[in-house]
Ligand code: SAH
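Below you will find one chain, with nothing else, as structure tokens; this is the form predicted on its own, and questions on how it binds or moves follow later.
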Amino acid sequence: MLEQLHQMTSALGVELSSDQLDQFRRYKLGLEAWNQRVNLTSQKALERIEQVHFLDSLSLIPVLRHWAPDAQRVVDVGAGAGFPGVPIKLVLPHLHLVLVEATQKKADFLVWLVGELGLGEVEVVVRRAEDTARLSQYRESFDVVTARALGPLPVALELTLPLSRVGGVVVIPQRGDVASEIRRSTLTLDELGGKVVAVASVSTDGLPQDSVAVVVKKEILTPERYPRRVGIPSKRPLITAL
């Protein structure tokens, strides 16, 4: 099981040990069991978990090694079933990882998973991203902020940039017309203190050719008014008209 994952990650320069492969195996089995009662991922994605979730998450490792080589604190916003945060933690076990997930049942899975995989230095925060960024122990305290499926890029940036320290980076996986999404995010970036420093290709065998990671550096403190209250970033995103 997961022999294909080992081959695909090697192409990224990510070599998985036998112990790490066993952790991914247990991750897969646990997700299959929990998914029968909690909607964590689609059945189609579960059948292709090596590519859709594991490889997709691990494709960010080279980006982190380049743009945040000394990172210690990482937060995954809207963690869901743990992607991309938990796979990253399995490869970079020294990281202190915070998983932010608003849905209690999904958070319950994450707590179980952390115990099942024997992971230390992992927190599961059961809150909305907007509320988490208001807490002093999390606001502007992370070296790396990442997230998958938080919505359009302007929305994702409003929910993540307030958590990054000045000098830290936000890494958002993207596909499709990324250049247009970045242009639409100009207002968000200006308001929240971020600057796009790279659009890094993370495509490899097993992933779509247009897979990239948008890397945003936090240059100045985010004004206290951001993020706006729960639900407003998605309802009224700070979008720059094209």
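A residue's number is simply how far along the shown sequence it sits, counting from 1. Everything numeric here is computed off the predicted structure, so don't read it as measured data.
The form predicted together with ligand SAH exists for this protein as well; it is not shown, and the discussion that follows is about that form.
- For the chain shown alone, V145 is not a contact residue for ligand SAH in the model of the complex, no non-hydrogen atom being within 4.5 angstroms.
- Mapping the unseen interface onto this chain, T103 counts among the residues with a heavy atom inside 4.5 Å of ligand SAH in the model of the complex.
- Using a 4.5 Å cutoff between non-hydrogen atoms, R127 counts as a contact of ligand SAH in the model of the complex.
- Ligand SAH in the model of the complex comes within 4.5 Å of no heavy atom belonging to L157.
- The stretch in contact with ligand SAH in the model of the complex, judged by heavy atoms within 4.5 Å, is 128-136, chosen from 112-120, 89-97, 162-170, 128-136.
- Shown without its partner, the chain has G78, A79, G80, F83, V100, E101 in segment 71-101 as residues with a non-hydrogen atom within 4.5 angstroms of ligand SAH in the model of the complex.
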